[in-house]
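Presented as structure tokens, the chain that follows is alone, the form predicted alone.
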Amino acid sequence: MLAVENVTKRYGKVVAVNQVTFEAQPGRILGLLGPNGAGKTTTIRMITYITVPDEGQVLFDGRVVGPWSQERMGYLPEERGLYKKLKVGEQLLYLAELKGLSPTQARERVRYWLGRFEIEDWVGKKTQELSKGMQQKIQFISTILHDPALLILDEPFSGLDPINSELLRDIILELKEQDRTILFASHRMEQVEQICDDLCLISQGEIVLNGTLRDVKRSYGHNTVVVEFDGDGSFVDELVRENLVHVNTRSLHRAEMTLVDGTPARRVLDAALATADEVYRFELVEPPLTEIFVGVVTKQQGREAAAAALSRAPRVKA
């Protein structure tokens, strides 16, 4: 288990992380979330023993982290750190041996993971010849070659198309089933909802939300309405003008809205039935994680900060 206990980190007069405490447990995936400048990266750097806290401690398997724990961790940073002119096979073998694998073990692991991602033919290509998505696969493989007990994945789906994102998600879930401890940092809330068991939201260096995904969403109640329809969607605009709803997402035949100040869900249904040609889905649901994220960060920092935090989210290629 990973335990971050009352950790504080200062850079001069700036408090980057202030009394942060959370746990990540084996066999579960913890979503480490927060807007830009929240302190996530600083926290990760202390977990990986790149920097050390000014106060508090980080424990892994009951011991204070240090060089010994780095050997048992796999860290996939948001920025790519591959050697551009090295060939894929050479690079992966080199990185595996840096983590203590013998040349024989390294070759076996490299062969296995290239096969899992169906990219055996890339072994002789230089990194600079690969697309961003291909490089992301190689960097992920380099992260898990030494069979780490703790995985820290920062935007692991960056640059991947939907097919490869699904493959990577399946592999991450397999690693979870093997009782790995996994930290997952992302700005894409839909991915967090799909993959995480627990959440820790940091804003301005402090934890503002912590708990299981299920409990966090349940605590915000059922105040989101999903309407799917054919025909005229002007009822949505009218509801917004009357300040009865906020629109979360909207497309030609679908709208997801948050009820404002106790607006009855029936009011939305009546408006849809009066205007649309056909309403084939109307559902009152728990709010999406994006709405919770923006609401919590807005309360602390203001709406501009919350919007900026989500604007960094990488877009999935079609």
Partner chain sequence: MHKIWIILKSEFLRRVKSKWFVVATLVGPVILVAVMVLPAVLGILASGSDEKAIAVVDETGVLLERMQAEAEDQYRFVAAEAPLDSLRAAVEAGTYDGYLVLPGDVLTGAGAATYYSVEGGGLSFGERLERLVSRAVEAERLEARQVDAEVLEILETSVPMRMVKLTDEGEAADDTIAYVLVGYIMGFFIYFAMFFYGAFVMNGVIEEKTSRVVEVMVSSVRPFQLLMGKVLGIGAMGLVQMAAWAVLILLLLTFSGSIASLFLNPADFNLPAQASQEEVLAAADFSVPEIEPGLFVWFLLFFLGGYLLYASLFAAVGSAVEQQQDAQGLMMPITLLILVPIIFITFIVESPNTTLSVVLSLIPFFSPILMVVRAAVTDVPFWEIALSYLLLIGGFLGAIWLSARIYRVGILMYGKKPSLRELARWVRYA
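Numbering follows the first chain given and starts at 1. In this text the structure is predicted, and so the values were computed from the model without any measurement.
What comes next is about the form predicted in complex with the partner chain, which is not displayed.
Screening 187-195, 156-164, 75-83, 232-240 for residues having heavy atoms within 4.5 Å of the partner chain in the model of the complex returns a single hit, 75-83.
Put simply, of 90, 147, 228, 206 only one has a heavy atom within 4.5 Å of the partner chain in the model of the complex, and it is 90.
Only one of 57, 263, 275, 51 comes within 4.5 Å of the partner chain in the model of the complex through a heavy atom, and that residue is 51. Using a 4.5 Å cutoff between non-hydrogen atoms, residue 114 does not count as a contact of the partner chain in the model of the complex. Residue contact with the partner chain in the model of the complex: residue 258 places no heavy atom within 4.5 Å of it.
In the model of the complex, residue 99 approaches the partner chain with a heavy atom inside 4.5 Å. Though the partner is left out of this view, residue 45 does reach within 4.5 Å of the partner chain in the model of the complex, counting heavy atoms only. The three residues 70, 95 and 139 all sit with a heavy atom within 4.5 Å of the partner chain in the model of the complex.
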